[in-house]
Each structure stands twice: as C-alpha cells, then as structure tokens.
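The chain below stands alone, shown as structure tokens; this is the form predicted alone.
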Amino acid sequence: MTKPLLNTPDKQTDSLPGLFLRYRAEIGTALRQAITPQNSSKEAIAVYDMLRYYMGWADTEGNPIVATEGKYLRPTLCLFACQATGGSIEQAMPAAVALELIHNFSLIHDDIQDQDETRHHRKTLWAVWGIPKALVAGNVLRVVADFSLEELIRRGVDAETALGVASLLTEAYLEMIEGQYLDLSFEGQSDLGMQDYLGMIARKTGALIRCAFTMGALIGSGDKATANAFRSSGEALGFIFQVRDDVLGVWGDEKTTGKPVGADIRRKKNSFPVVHAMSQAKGAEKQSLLDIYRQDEVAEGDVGRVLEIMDRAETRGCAHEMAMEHGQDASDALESVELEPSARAEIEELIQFLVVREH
C-alpha cells in the first residue's frame, strides 16, 4: 500500500519540482525554433511576432523581452515519461513541442470565448490585436504542432510508433475541443451535476495531460502496456490539475494567480467549488445560490455570500480530498511499471506539487 501523499491542504510550496527545471531550457529552445517562420512573406511574419508575444518572448512590437512564461507542464510530462521508460529527450522533443503548441492554441481561443483580457500578467492576443487576428494566430499554432511531429522519424522513432503518437495527439486535442464546447454549453446551468463536471474536465484539461504521459512512454518504451499504465496515471493527473485550478480560481492569492479572490464566482464559472456547493446546499442557502447565479452579474456582496456557503459546505476541503484520491490513483497506476527509484520519487514529488500548487 502506497503511503498517503499529503494530509492537509495548508502545507504548500511555490517552488516547481526539479523535473520542471531540468527540461525547461531545452523546451524553450525547441519552441522558439518551432515558432520561426519558414519561407514566409514579410506580411505573414507578423503573425509569428504575435505568437512570440503570447509565449512571453517579445513585446507587442516584436522586440525580445523576458516575461512570465507557462510551466510547460505537458511537454515536461512527455519528456519525463520518455526518459523514465528508456528513451531520450531528443526523441521525444517533437512530441513535447507539439503538446505545448496545441495547449497554447487552445488558450488563445479560450481567451476569446471567455473574453479574458489578461493571461500571465499581460494582455491576451485578442485584447491587443482583435478577435479575427487572434483566431488566425491560434490556428497557426495548431498547424505548426502537426508539422513538429514530422521530426519524430528523423530523430530515430520508428514509423509505427510515430504514427501512433500522431494519432494520440489528434485524439487528445479533439477531446480537448469537445470539452471546451461542453464547458461553454454548461454556462448558465444551475443544476450541473458532479459527473457532468468531471466528464467535462476529463476532456478539456485531462486529455492533453493524459496524452503527454502516454506519448512519452510510448516513444521511450515502444510498449503499449507501459504506455497504457502512464495513460491511466496521466488521466488522474489531469483531474488533480483542474480541481486545484478551480480552487485557485476561487481562493487563490492574487499576487500569484493574477486574479482576485472569488474571480471564478464573479464569472459564474461552473468550476468544482460552485458545482459542489450547489450539490450540498439546502433550503434557503440553495435558493440564495440559485438567485445569485441567475443574475446577469454577480454583485460584490454576493461573492462574499457564495464564499460563506462554500465554507459551510466544506467545499475547499472536499476539493483537496478529491485531488488526494486522484493523486493516489496516479501513483498506483504506475506500480506495475519498472522504474528507477529516482524516477518514482519524482513522480511522487510531481503529484504532491499538483495537489497543493499555488500558481
């Protein structure tokens, strides 16, 4: 029996696990190479300047800068799984790059759909260049991701495995888009059940995270059983990531998340805290929640009322418990896989980080 991962939600750390730092520089270099125009006209190059801005490498004029970048979670998981199962970073890098590009393609479109004007403490693409150009920029990233996978065979990955990896990614980002559609269709629904919510996040967030672990293990081992074990583990990691993200969307520190406390309540987002509170509240409290979420806008005083109801429903603690359970699932799924002790320890460290992360 594996030991419990964590006992309380208040033992938190802002530092990234070592495996994130190990791959970060190489991922950044590979991404910059991928988002470099090839045989493009002067006019077409402008879209790549937009993308470099979005990635945090340039200002709105295209001048190089140092700014906040993402955690590179998905490419990191891919590279780690490949190395842990006997492969090399060089072999898996095209897949890792493709994952991060698809992830950012989804974020660009998500920003438009949610009308979010900031991400990573800077203006989003549509907020700077308008919706039409932002849509095109997002689509460019999706196509560049597909091109990236062509590098797999040139780096020594056999054709059958390369084809399998490409199929996995296409399957995953189709699920991701389906999940985004579900998320949009759920807006305004006050009777959303927990199973509806979990099914949505399994697609919208979980698909690419699951795919990252699966692709890396397939490239590294060439063994479907090993890849399937990592798939199950990655699926659990996806649940942890989104549930924790939803917690941060309500209770996160503004200095680290860039959003004020209660941000997702103001947006009337159907996140874990809201779905849980709706399912647990009774009588006057349930009616109060329904009345608040039927309004066009959530007033500041109503945000406090929702937070009070969530506190009484012990929503934050239940979210932590769910994350813990999925953390155990992520760990248990890999028990049958032969891994070096150091690799297994890093997986445990990764799980702990995802359960309590603050950003």
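Don't overthink the numbering: it's just position in the shown sequence, from 1. Given the structure is predicted, the values throughout are model-derived calculations rather than measurements.
The form predicted in complex with another copy of the chain is left out here; the points below concern that form.
- For the residues 116, 285, 223, 178, the 4.5 Å heavy atom test against another copy of the chain in the predicted bound form is passed only by 178.
- For the options 46, 58, 318, 298, the residue carrying a heavy atom within 4.5 angstroms of another copy of the chain in the predicted bound form is 46.
- Taken together, the three residues 50, 159 and 171 all lie with some non-hydrogen atom within 4.5 angstroms of another copy of the chain in the predicted bound form.
- Proximity of residue 132 to another copy of the chain in the predicted bound form: non-hydrogen atoms within 4.5 Å are present.
- Contact check for residue 247: every heavy atom lies farther than 4.5 Å from another copy of the chain in the predicted bound form.
- Interface residue remark: residue 136 is counted as part of the site for another copy of the chain in the predicted bound form, having a heavy atom within 4.5 Å.
- Although the partner is absent here, residue 33 is not a contact residue: none of its heavy atoms lies within 4.5 angstroms of another copy of the chain in the predicted bound form.
- None of 303-311, 329-337, 22-30, 38-46 except one has non-hydrogen atoms within 4.5 angstroms of another copy of the chain in the predicted bound form; the exception is 38-46.
- Contacts between stretch 135-160 and another copy of the chain, counted in the predicted bound form as any heavy atom lying within 4.5 Å, involve 135, 136, 139, 140, 142, 143, 146, 147, 150, 153, 159, listed in sequence order.
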